[in-house]
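Below you'll find only one chain, the form predicted alone, shown as structure tokens.
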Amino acid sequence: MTFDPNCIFCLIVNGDAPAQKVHEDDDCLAFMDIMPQSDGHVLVIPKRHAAQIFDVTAEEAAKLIRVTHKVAAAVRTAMQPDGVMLAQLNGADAGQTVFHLHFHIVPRYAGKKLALHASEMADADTLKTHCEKIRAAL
């Protein structure tokens, strides 16, 4: 498995940085975004380091979207949002701030604005509660 010791997501995969894990299998990891744009914001990543969507095979991308689909359904069940936004950014000019491929699953709630991307740390207990709720919906 490719690993970048300077990548926070690689450190999470390796167990060297903490994360509230929602789902894990041999190839993918889903965990709570520590700077969520809304309650229940989850990230889905490949375990192997790849900076952008262009750095994985079509088969790896397909696996990621299957996991994203599964976790998004659990987010919708657990968090009961009015909508769910999926986002995947490639490159700094597209808004990517962590250069490890990831999909955002962002619940949207009517009348509630999104927080700015990567702007404010969430309360650890709140993240844990949301994580447990989403995991139970898987």
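When you see a residue number, it is the position in the sequence shown, counting from 1. Given the structure is predicted, the values throughout are model-derived calculations rather than measurements.
The protein also exists as the form predicted in complex with a small molecule; that form is not presented, and the subsequent description refers to it.
The stretch that touches the small molecule in the model of the complex, counting heavy atoms within 4.5 Å, is 27-35, out of 27-35, 107-115, 66-74, 53-61. When the small molecule is considered in the model of the complex, L86 lies well away from it, no heavy atom lying within 4.5 Å. Within this chain, H49 is remote from the site of the small molecule in the model of the complex, having no heavy atom within 4.5 Å. Contact annotation for L43: at least one heavy atom lies within 4.5 Å of the small molecule in the model of the complex.
Contact annotation: I8 falls within 4.5 Å of the small molecule in the model of the complex, judged by heavy atom distances.
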